[in-house]
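One chain comes next, on its own, written as structure tokens: the form predicted on its own.
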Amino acid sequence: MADPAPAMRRVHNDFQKKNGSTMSLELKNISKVVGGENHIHDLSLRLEPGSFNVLLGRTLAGKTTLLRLMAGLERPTGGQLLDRDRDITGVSVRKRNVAMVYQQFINYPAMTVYQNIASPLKLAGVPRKEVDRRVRATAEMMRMSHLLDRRPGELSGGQQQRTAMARALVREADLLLLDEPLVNLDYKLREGLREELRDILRDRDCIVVYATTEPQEALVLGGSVAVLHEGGLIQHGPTHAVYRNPRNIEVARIFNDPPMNLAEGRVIDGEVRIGEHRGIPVPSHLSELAPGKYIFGLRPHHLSPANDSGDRLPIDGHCELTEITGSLSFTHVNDGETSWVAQIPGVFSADVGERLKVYADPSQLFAFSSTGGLACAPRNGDTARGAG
């Protein structure tokens, strides 16, 4: 079956060029206070026309609040929202060309899938023939043409969310906001739909903002990422560049699941020494570090039960826990100072309390200053698999 996405993108792009609807969005010193609590504080962010953007952060980091501010569903306590330098801070959501997809499967239960997808176009007074063309093109793009006569109650969770997404996409909005749209789907369905979404949303002449708590999802989707923490923006840039060069320890923690292993250590006498473990020669990418104390970081998949290369840093400890997911095992090893997590391919079994030795890949060590800022990152560019 031919991929309908390119044809749909052409239709969408032609529509926007004809109507002059390409927008930019700038948030300037935005704050949002609710009940005396800062949900968003002094946040500035510029989203370029046609860009794909991921909001990455833990639960309660401020992602949903920020999406609602972008949509016009809420008004900021302070700051401005600008569209091509035009102040739209007080403009109602009804006067903005915005579409939003939520975590929940929000559809009209009494309507068919066709009617659900068509509903925003009918409200906008789009001619019937154009409604039909756009509904069927969007349904084909979402691979749900065979479901158009069904009602939401007859659909699976994944099909219901596809319907909600199709209703948002058919509007050909200037700004498309997706608030963790796959979080309520099972793992395999989420994985497959994530890959499809990346292709569907690529190259659309609108701003797409996708909120997630999952680093792996951000890496798969690509584009740019804005990392949020406690209502603030702590790093923004191309997704893979931010992953490879986290500005500080907090970004490194957020942009990895399980979080990056962190341990205090020193550079001394030409060696890196982490805790009480045997020192190893300073890896080449850390060669410019001045002697002194650092916090060293290592992603879980760079800890291994085997020392294949012979130059790895041994970490002796005991097993606290092993979590087996099927394709991966997450083994927690406590060395008396630090609890390390090793991400091991396949099934790796160890009993709680069992003595274990795992080996750290020195070429993948991150170094952070005592205040948490990035001092040095690996040179070879880690791969997306490191996020979980």
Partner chain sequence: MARIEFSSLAHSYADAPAADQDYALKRLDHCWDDGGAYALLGPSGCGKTTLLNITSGLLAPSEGRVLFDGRDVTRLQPQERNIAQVFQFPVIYDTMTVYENLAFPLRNRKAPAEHIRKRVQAVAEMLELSQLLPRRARHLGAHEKQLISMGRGLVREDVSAVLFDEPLTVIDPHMKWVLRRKLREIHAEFGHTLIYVTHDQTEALTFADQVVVMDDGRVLQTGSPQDLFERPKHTFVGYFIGSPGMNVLPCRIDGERALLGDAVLPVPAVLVHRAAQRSGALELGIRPELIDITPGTGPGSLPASLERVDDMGNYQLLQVRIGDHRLAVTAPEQFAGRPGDPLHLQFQEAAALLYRDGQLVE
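Only the largest set of C-alpha atoms that superpose within 1.5 Å between the two forms is called the rigid core. Positions refer to the first chain, counted from 1. Values in this document were obtained by computation on a predicted structure and should not be read as measured data.
What comes next is about the form predicted in complex with the partner chain, which does not appear here.
Trainee: So which stretch, 241-249, 288-296, 109-117, 267-275, is the one near the partner chain in the predicted bound form (non-hydrogen atoms, 4.5 Å)?
Mentor: Careful reading of the contacts points to 241-249.
Trainee: Would you kindly say which of H301, R162, R204, R134 lies with a heavy atom within 4.5 Å of the partner chain in the predicted bound form?
Mentor: By the 4.5 Å heavy-atom cutoff, the listed residue in contact is H301.
Trainee: Would you kindly say which of E230, E191, D316, E74 lies with a heavy atom within 4.5 Å of the partner chain in the predicted bound form?
Mentor: The option sitting close enough to the partner is E191.
Trainee: Hey, in the predicted bound form, does P259 get a heavy atom within 4.5 angstroms of the partner chain?
Mentor: Output for P259 is yes: heavy atoms within 4.5 Å of the partner chain.
Trainee: Is E195 one of the residues lying within 4.5 Å of the partner chain in the predicted bound form, judged by heavy atom distances?
Mentor: Although the partner chain is absent here, E195 would touch it in the predicted bound form, with heavy atoms inside 4.5 Å.
Trainee: Would A99 count as a contact of the partner chain in the predicted bound form, using a 4.5 angstroms cut-off between non-hydrogen atoms?
Mentor: No, A99 is distant from the partner.
Trainee: Please check if H41 has a heavy atom lying within 4.5 Å of any heavy atom of the partner chain in the predicted bound form.
Mentor: No, H41 sits far enough from the partner chain in the predicted bound form that none of its heavy atoms falls within 4.5 Å.
Trainee: Going by the partner chain in the predicted bound form, which residues of 211-247 come within 4.5 Å of it through any heavy atom?
Mentor: Sequence-ordered list: T213, E214, P215, Q216, L219, V220, H240, Y243, R244.
Trainee: Establish whether a shift of 2 Å or more occurs at the C-alpha of H318 between the shown form and the other one, with the two forms superposed on the rigid core.
Mentor: True for H318: a C-alpha shift of 2 Å or more.
Trainee: Please state whether V34 has a C-alpha shift of 2 Å or more between the shown form and the other one, with the rigid core used for the fit.
Mentor: V34: C-alpha displaced by less than 2 Å between the shown form and the other one.
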